Every structure is written in structure tokens, then in C-alpha cells.
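Following this are structure 1 and structure 2, which are two forms of one protein chain, each written alone as C-alpha cells.
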Structure 1
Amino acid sequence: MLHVVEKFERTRLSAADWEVGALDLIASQGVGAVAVEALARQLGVTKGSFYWHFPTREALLKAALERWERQDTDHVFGQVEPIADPRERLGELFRRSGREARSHVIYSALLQALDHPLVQPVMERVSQRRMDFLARAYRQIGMERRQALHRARLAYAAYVGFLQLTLQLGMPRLDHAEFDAYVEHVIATLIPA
């Protein structure tokens, strides 16, 4: 129940500790679970501490989202960006999308909170950036501009839907081998030879 997360029983906390704590909560239980008293309990302090670091709950959310957006950009793209062949680059990107990466889990959780005014613009930027990345790769393959945009939109929609169906709906329950087969099918279908 009360599995405390604190790294090493730090005596004092910083604003950054609250931010990563908030991101932990978002990843595990969604944005709605980010309550200051619950988070304080999880960090081993009380809300008195929180309101020294942040003026309001929204401020924490804003800071946490900025932190995530910052680290997400290079975490997802940085790994595959150097791959020269665009087909190979896209394939590797698809393969990495299901590997329970923390960034994907948080992205999926934030997808569930798109009605929140602080979340929406962040997600719009991140999603647009990722789709542009896909569109560029498809253009490099040799697709016509319009086609590349459509294919990027389709591929990204498939990614978003996949996250929703597996992480949120928890529906397919496919094992490791079956998942690999699915990803290869997606690659064969969405990346032209």
C-alpha cells in the first residue's frame, strides 16, 4: 500500500523531487492522482512542505510537464535519430514503441487528460513534433509530400491507438512473441518497400 518511493531517505526535499514524484504518480495512476496530500504522504512529508516549494497544485503540474517534455524530446528521438537509412529508422522507432518505455507510459497517461488546460498544449507540441519526425522520414524514403503527411498521420494514429488499447484498456494481453509479430506486421504494412 504505502510503498514509499524516495531514493535514499533524503532528509530534505527540493522542487525537483516533487516534480519527479508527480511524474511517477502520473505514470502509475494518471494525472488525476496528483493530489498534494497523497504525494506528500508518498514522499514522507506533509502538505506544509509542498506549499513552500510551489504556490499551487497547477504550478507543480506545469513544472512536471515541462520536465517531461524536455526529457521526452531526446529520449524518444535521440536514440533513433542517428540511424541513416529512413526505413531502418522508422522500423526501429516502431519496435521501441511497445517496450514499456517510461516516456510512452507517461505520454499515454497524459493522453487521458487532454481536457486539462495545462496538458493539452504540451501534448499538442510533443505530438506535432513526433509526427513531423515521421513525415520527414517518409519523405526521405521517397514518398510524395501529401502521401508522406497522410502516412505519418496514419502511423502516429496507430501508435496512439496502440498505447490506448494496451496500456489503458489492457485489452489484448499479447505475450512477447505475439507482440513482436504484430510490430513486424505493422512495419511491413506502414513502411513501403
Structure 2
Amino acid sequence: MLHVVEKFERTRLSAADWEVGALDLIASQGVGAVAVEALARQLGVTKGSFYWHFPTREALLKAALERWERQDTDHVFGQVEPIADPRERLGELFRRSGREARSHVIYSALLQALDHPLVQPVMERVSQRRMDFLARAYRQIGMERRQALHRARLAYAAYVGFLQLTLQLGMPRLDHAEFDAYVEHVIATLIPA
């Protein structure tokens, strides 16, 4: 009887459970791996339970991408925006960004799927929000608008490039101390004193 109860409880997944599962698949295998059957197997349920929450795979993918986008905003920007000093805010953004490993892996996988019609608009919004945040902080430091935008592009390009080198090109990963030293070097290089 206990086995039946456990199985029943496992099949009562929420839409959020499916979304998180889809993000896990994106992180480990890419956007193309998000399939109802594979995800049901990973979650230990039948694919029939999927249809209680989503009419199609695309609806799940859209919801999962929106979840990731909200988390990107809440977990990183939401925590650094209250910092009054723009130099400190940028430094903390760079440090926090370095600690969000799962989000980086998902971001990197989404970069590889920019031709997907659901991925492309999400990545545009996320990138624009990040660029706006960076440019605004550089303006608050005292840079003129054009210079602030150039510095924001440089900072964002450094982030994307680092992800590409480590996650897609397989460059050797830095150990914790080396990575911390790298982040501090980025901060010293990209945030004017």
C-alpha cells in the first residue's frame, strides 16, 4: 500500500516541477532534449501527467524559459539593485554572477539555440536588461552615455566569452581560488576607480 501512495504522490507534480525539470534538461543536454517522454522518465512519472499542466511541449518550454528569466532577474539583479554605490553594485554583480553556475549553464545552452523561436525573444530581453543595468551603473559612476554603453558591452562580452570558453570550448576550468582571482581582476579592469 505504501508503494501505491508514494507513486500517487510522485505523479502529482506541479507545473513548476515540470518547468524545473525542463530547465535541468536544457542545462544538461540543450533545448532540443526537452521532450515530454524524456522529461517524464527523468521525473519518474507518466507523460499523461504532463498534460494536466501543459497542452504542448512548446507551452512547457515557454513556461520554463519565463521561469529562468524571472529567476535571472530576482536572484541576481534583485539582490544587487539596492546597493547605493554604483561601483560596489557592479562589483557585487560580478561576484554574484560568478556564483550562479546553473544559470550560466542554462544561458550557455540557450546561446546555442538562438534560432529557436521561443528562445530568441527571451535571450533578447535578458541581454537587454543586463546591458541596461550595466550601462546605467557606468553612467552613475560618471561616464558619459556613449562611454558607459561601450563599457557595458565590454563587460557583457567578457561574461559571454568566458562562458563560451569554459562551457562550450572546454577550456580548463579554474579552481575556486583561481576563479575568485579572475573575478577580482575583471572588477579591477572593468570598474573605474
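We call the rigid core the largest set of C-alpha positions that still match within 1.5 Å between the two forms. Residue 1 is the first residue of structure 1, and the numbers go on in sequence order from there. No experiment lies behind these values; they were computed from the predicted model shown.
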(Q) Of the two forms I pasted, which one is the form predicted alone: 1 or 2? (A) 2
Q: State yes or no: after fitting on the rigid core, is the Cα displacement of Q71 between the two structures at least 2 Å?
A: yes
Q: Would you look up how far the C-alpha of P55 moves between the two structures when the rigid core is overlaid, in angstrom?
A: 2.7
